[in-house]
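Here's a solo chain for you in structure tokens, the form predicted on its own.
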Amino acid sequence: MEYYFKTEKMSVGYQGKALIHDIEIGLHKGEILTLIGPNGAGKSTILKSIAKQLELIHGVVYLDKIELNHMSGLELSQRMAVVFTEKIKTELLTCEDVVATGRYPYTGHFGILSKGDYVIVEEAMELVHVTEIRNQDFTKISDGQRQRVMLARAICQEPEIIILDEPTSFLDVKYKLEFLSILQELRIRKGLTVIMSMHELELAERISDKILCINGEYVDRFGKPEEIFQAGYIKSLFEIETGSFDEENGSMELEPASGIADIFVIAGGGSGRSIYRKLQRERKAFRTGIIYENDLDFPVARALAAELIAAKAFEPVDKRTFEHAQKAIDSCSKVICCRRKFGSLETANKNLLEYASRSKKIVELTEQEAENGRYLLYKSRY
């Protein structure tokens, strides 16, 4: 199988000492590869080695069947763009000046930009929304703005492949999503190949065609997101001891509360997540049910509840499960119900609420915005 980008037995490190050995990567043109792993695992070292900022200890890197070591600096700069987290040193340069330096591989010895070059500069700034700061001093803008300016500079190079080291680190939610959407658009429109490192695992899973997992001296895993994000793997890779990460849903939760679970939460349909997290913040252990295994509440309940009473998806709640939930309510002094109305498939939870009321439990009925602490007393008809 022919790859646009590939490495063979690549080993990387510093001062002739290999830190990570035998890295094998194969990417087709237009694919997005994301490197993940603990801090200090060597993600940046791999990226710098691919970008020829560090000399390879061993092995070969190919770009479109040509060894990178056989490319001149000019040829490489016309085919590869690099955006790293290190702050570049500029003197009296505006943001537009910095973006325009991305055209230098095409300007010849005098570095004079043509009208066509300025059109490309303008388009790149508009694409990443930095046109409004074009005349500001590059050294006086925020880290998030600086990151977007550097992406515009890379886009100006019109590269075939772009190397990015933690490109979303300084961006807020809006610009994280815009940034990654731009990368997707460029890969579709221009066949741009992307190799980057990221800490946001849920975003890495969504945008990547391939993921490379680094931990220790060797690559731990390399493959498609669905091959990487298997149950329990992220916990093992990052050696998570406190809290949890749910690979299936990208849900990260803090450590559940310990102690006696004296509260039972009736939830479902995603209505319980805010209450579960509120109780966790208050360090109150709780039980919850009956939650279907495909319910939005399920991953959070599994991570935070002292006891989760679950039912199989698309199956009616059986008598044994319902009686288990009744006994759990009996062991609690308080019941919180997150539902105002129950659907036709939620008869079991409606009956649980009625059972709690008949049992003279303290029942609080919440609205979905219950994270604000607003509780409504449920007045029983019984």
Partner chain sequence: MQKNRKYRYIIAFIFLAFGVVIFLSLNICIGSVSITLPDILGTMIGHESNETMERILWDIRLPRTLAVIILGGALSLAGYLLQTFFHNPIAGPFVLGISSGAKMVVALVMVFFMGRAIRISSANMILAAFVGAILSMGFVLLLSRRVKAMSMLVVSGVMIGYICSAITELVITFADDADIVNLHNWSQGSFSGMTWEHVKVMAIVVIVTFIAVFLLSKPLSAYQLGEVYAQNMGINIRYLQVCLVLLSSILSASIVAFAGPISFVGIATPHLVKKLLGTTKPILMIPACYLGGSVFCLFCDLLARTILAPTELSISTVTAIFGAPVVLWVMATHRKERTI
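Not measured: the values here are computed from a predicted model. Numbering follows the first chain given and starts at 1.
Omitted from view is the form predicted in complex with its partner chain, to which the following refers.
None of the heavy atoms of residue 246 is located within 4.5 Å of its partner chain in the predicted bound form. Of the heavy atoms in residue 97, some are within 4.5 Å of its partner chain in the predicted bound form.
For the chain shown alone, residue 331 is not a contact residue for its partner chain in the predicted bound form, no non-hydrogen atom being within 4.5 angstroms.
Mapping the unseen interface onto this chain, residue 261 falls outside it, with no heavy atom inside 4.5 Å of its partner chain in the predicted bound form. None of 252, 88, 177, 240 but one reaches within 4.5 angstroms of its partner chain in the predicted bound form through a heavy atom, and that residue is 88. This chain lacks the partner; the member of 257, 82, 310, 296 within 4.5 angstroms of its partner chain in the predicted bound form by a non-hydrogen atom is 82. Partner contacts here mean any heavy atom within 4.5 Å of its partner chain in the predicted bound form, and among 298 to 306, 283 to 291, 103 to 111, 178 to 186 they occur only in 103 to 111. Within 4.5 Å of its partner chain in the predicted bound form, a heavy atom is found for every one of 93, 118 and 157. Residues 52, 53 are the members of 26 to 57 with a non-hydrogen atom no more than 4.5 angstroms from its partner chain in the predicted bound form.
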